[in-house]
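Coming up is one lone chain in structure tokens, specifically the form predicted alone.
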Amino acid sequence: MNPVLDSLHEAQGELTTEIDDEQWLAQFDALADFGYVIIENFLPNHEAAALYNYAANLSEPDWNIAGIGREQQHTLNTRVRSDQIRWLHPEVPAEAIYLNTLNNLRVRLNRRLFMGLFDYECHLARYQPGAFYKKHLDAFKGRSNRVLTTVYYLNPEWRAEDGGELVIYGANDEILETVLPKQNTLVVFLSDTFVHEVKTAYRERFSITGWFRHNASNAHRVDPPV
């Protein structure tokens, strides 16, 4: 038996209870007012710890150098970003639990905020010491189906001197938020509105980055792709 998977499966039964709680879900109302929200203690503590252990125990072949752009525009540019990623898949039990949790959240956000969110995709991100991600926007208006960006942090006992902060910028390049990547913190923001960056990390840093998407299917293409 795998103790990491056992811990995640044990947590699975609690997820719906957490998301169904009206007071908990009300925290997301800040999305309507400000376009972003920062939520601490997003998941039960033992599940957050199990996700960290899962990420930290992946082997080197499980990680890929992160690129910029999608499909035909996808390129590698280590001057812009130097993290490594692993896309989450529902066929992997430890990954399916987090995907199911965020899809449950998608349904409830649609009911509460009428956002028309159709799908969710995400990947693990590993920032080794010295890694960073320069200022960027996750989606351009009219050119992407990404609506909401989510970033969930996995590392316990993260300190300010460890770096790796998420910086969110406003319309005039002013700093709106500097978020220390502390375990079990979830950040959600409008993908086509907020320029952001990840400052240089000085110790190994793990997170899960994802996107709630609109349905961009048309006669020539199915989205999300099969």
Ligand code: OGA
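Heads up: residue numbers just count along the shown sequence, starting at 1. Because the structure is predicted, anything quoted here is derived from the model rather than measured.
There is another form of this protein, the form predicted in complex with ligand OGA, and it is not shown here; the text below is about that form.
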Contact check in the predicted bound form: Y127, V151 and L166 versus ligand OGA, with a cutoff of 4.5 Å between any heavy atoms. Do all three pass?
yes
Answer key, ligand OGA contact in the predicted bound form at 4.5 Å (heavy atoms) among H89, K141, H136, R111: the residue is H136
Heavy atom of Y202 within 4.5 Å of ligand OGA in the predicted bound form:
no
Please check if V198 has a heavy atom lying within 4.5 Å of any heavy atom of ligand OGA in the predicted bound form.
yes
So in the predicted bound form, does R106 come within 4.5 Å of ligand OGA, heavy atom to heavy atom?
no
Please pick out the stretch from 56-64, 169-177, 40-48, 190-198 that is in contact with ligand OGA in the predicted bound form, where contact means heavy atoms within 4.5 Å.
190-198
Within 99-123, which residues come within 4.5 Å of ligand OGA in the predicted bound form, counting heavy atoms only?
H123
